Every structure is written in C-alpha cells, then in structure tokens.
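Just one chain is shown here, as structure tokens, and it is the form predicted on its own.
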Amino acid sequence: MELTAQDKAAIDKILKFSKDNDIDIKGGKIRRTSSRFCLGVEHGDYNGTELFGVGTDRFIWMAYKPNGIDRIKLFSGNFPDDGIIEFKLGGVPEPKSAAIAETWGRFPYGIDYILRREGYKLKQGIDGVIYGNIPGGGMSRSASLSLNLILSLLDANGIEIKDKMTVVDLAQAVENDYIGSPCGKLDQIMILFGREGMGTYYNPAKRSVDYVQLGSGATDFRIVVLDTGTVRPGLEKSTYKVRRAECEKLVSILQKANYDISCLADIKDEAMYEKIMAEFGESYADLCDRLKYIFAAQKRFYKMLEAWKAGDIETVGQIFREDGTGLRDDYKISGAELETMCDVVRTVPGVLGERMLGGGDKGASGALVRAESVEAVQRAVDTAYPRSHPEFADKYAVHICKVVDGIRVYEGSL
C-alpha cells in the first residue's frame, strides 16, 4: 500500500524517536490504526443497541519488529515523559493497580496480561515506537492503541485470530478487566472493521458486521471533528462510568419488576416504554431520562440508516443533531466546551448536524458539514471558541476527516 503524506510525516517522527531513544526498528513493520466517528448510537454499545459509524483519518502508527527475547520495549512520542516502557513478558503490574493508573504503559501491560489469560502463548516480545495524532477524547484513541498493540504482538508471535470479533473482545477486556475502564465495543468495532468509503453496521444480537454504501447522489460533505483542547480523563474516571452504572441499575430495577429485558435496548415497544415511564418516571427520574435517550435514539437509528443508504445526508445530519440534544439533555453526558463547539458551528450555513463525541465531559465534538462550508466552520470556530474559552485558545483544533480503512500495515518503509 502506498504511503500517504500523513503516513510519511508520522514515520519521520518515529524514526527520530527511534534514534533518540536507541530503539531498533530497522526493517520492521508499521501498523496504522484509525480513529472512529460514531453516527449512532453513541453510548448505545453497553446498552445493547445496534451501531453505525466509520473509520476516520486520524491515526496511531506503531513501527515494530520482533526482538527474539521475552521482553517488550516501547516508546511513545506522545508521552515522552513516561520514558521507555520495558518489561518481561508475563511480568506486569496487577490489574487496576496504582502502579498503572497514570502511565500509558497500562495498555501494553494489559495486552500482555489479557493475551496470556486467554491462553495465547507469547514466545517473544517486540521493540517498537508509537506516534499518533488522534485527539485525546471523542475519537477512540485508547481503542486504536489497544488494537494496534494486540495485532502487532500477535503478528510478532505468528498467532492468527481468524474471528475478528475475538480481537474486539480482547481489546475490550484490556480496558474493562485490566485498566478498569467500563468501555463497550463500539470503538473497537468501528476501527477494526473500518473500510474506506463505507459505513460499518454492527448488529449485537448476531455479532455481525455489514458494510453500507452511502447512496448515490449524496451531497458532498465532510466529517469535521472539533477538538476542544480539553483533556478528558480515562472512562474509568469520568461521567461515562456513572452513566453506565445508572443504565445497569435501571435494568436491574425493571427485571425485579418482572420486565423481561437484559438491557435498555430491549425496550423497543412503545407500550412497554410508556408503561415503564408511567411506573418509574417520578421515582427514578434520572434513570428514566437515560432510557428516554436510548429509546428515542434507537428509533432514530433505523431512520438514519435508511437515509444513509438513500444518500440523504441531510437527514443523517438532522438525526445526528437530534442525538446531540438527547445526549445533552436526557443522557447528560456532554460538557461546557463540547456544547460551545456545537453552538458555534450550528450557526454556520451548511452545517447539517453537530453533537458531542465519545465518552463525554471533555474531548471533542463533531459535525457533518457540506464541503463548501468547511472553511466557514473553521473561521467561526477560530473567532468564537477562544472568546468563550480563552484558556484553550492555543489548544483547540479543527480536524477535517475522511472515511478510511481502520487497519493498514506497511512493510519496507523503515
């Protein structure tokens, strides 16, 4: 595969990091893993909904090669203060321990731990250098890194996993069981299965992935990611964890009341929904607000999917905006800076829809924008966002993204 200009710039940085830190990657491979943009249902994965999204062209690159010994040696150009992460295979800190809480090394530690726990025999480690340009909230940097490390370490050990959903499960287990982050599967699926120019549709009941072509005649549009410059803590330290627990609590309450459900996504029937809201809407108002968002988002989801197939990107954008209102008002997972970005771009003609992205609180918002309006969006953000949040005036960014393959491997470039 031919290197893009973005790839070449990243490789130049990686080679410098390699030289400066004496990590030998000469003759190795480069694995590139994408970010993702969820079109629906944000926060639906752990509630059991169907999912739809795309891989986007902000990436993590890892240059690596097997080292023939039982050690991992890695350096991240994004976290230079952590220095070189080096450890013996099987010799990692305990899951969820204080020793891993503040270092990006918790990801390679977790990959080693989970792969061994699941019976994959690692005979040799890798030497590697990592660099990425995925914003730190809203585009799934942690899932991209986990997938990159898993696939690279398996490759170095000659281990092939044919069922891609097993790789998704492993990446989720790293975050859930080792790090303590209560993420679902949305991020991993949209990255691992991402395909250039296509939407990825996941049905959890079947554990199936299908690709959906955008209908012909669609308005020329761009995916715009609006990085607020804020730093979002890991999901284990955020409102995301609280919201997930709330949804699980409501499911438990309803099960005890003899509702035959296993997750909030099972509540699709209007009569059942109205009965639940009448019975529990006052006594569990906050929990029922979470259900209100999931129920409405599921109904919108199928309308959005049909609009995508028909090339009706205007309706896709409208639903994206409606989801944002629900995430803000009913799910209550957004944040001040995220909503400022949405408020700013909503005023620009040609913006079809906007909302917060990802885990919530901090990080990035996103928008679907007519191609001819992208420059106007950039100008609006440059003018208005620093006025509202001067503390982030030199940290925010606007990313104009394309739909890309989630995973690529390059050889012969080092």
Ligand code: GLA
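All residue numbers are counted from 1 along the displayed sequence. Keep in mind it's a predicted model, so treat the numbers as computed, not measured.
The same protein also exists as the form predicted in complex with alpha-D-galactopyranose; that form is not shown, yet it is the one meant from here on.
Note that among 379-387, 62-70, 26-34, 356-364, the stretch whose heavy atoms approach alpha-D-galactopyranose to within 4.5 Å in the predicted bound form is 356-364. Of the residues Gly199, Gly77, Gly184, Pro93, just one reaches alpha-D-galactopyranose in the predicted bound form with a heavy atom at 4.5 Å or closer; this is Gly184. Proximity of Tyr240 to alpha-D-galactopyranose in the predicted bound form falls within the 4.5 Å heavy atom cutoff. Taking the partner from elsewhere, His43 is found to have a heavy atom lying within 4.5 Å of alpha-D-galactopyranose in the predicted bound form. Residues of 203-223 include none with a non-hydrogen atom no more than 4.5 angstroms from alpha-D-galactopyranose in the predicted bound form.
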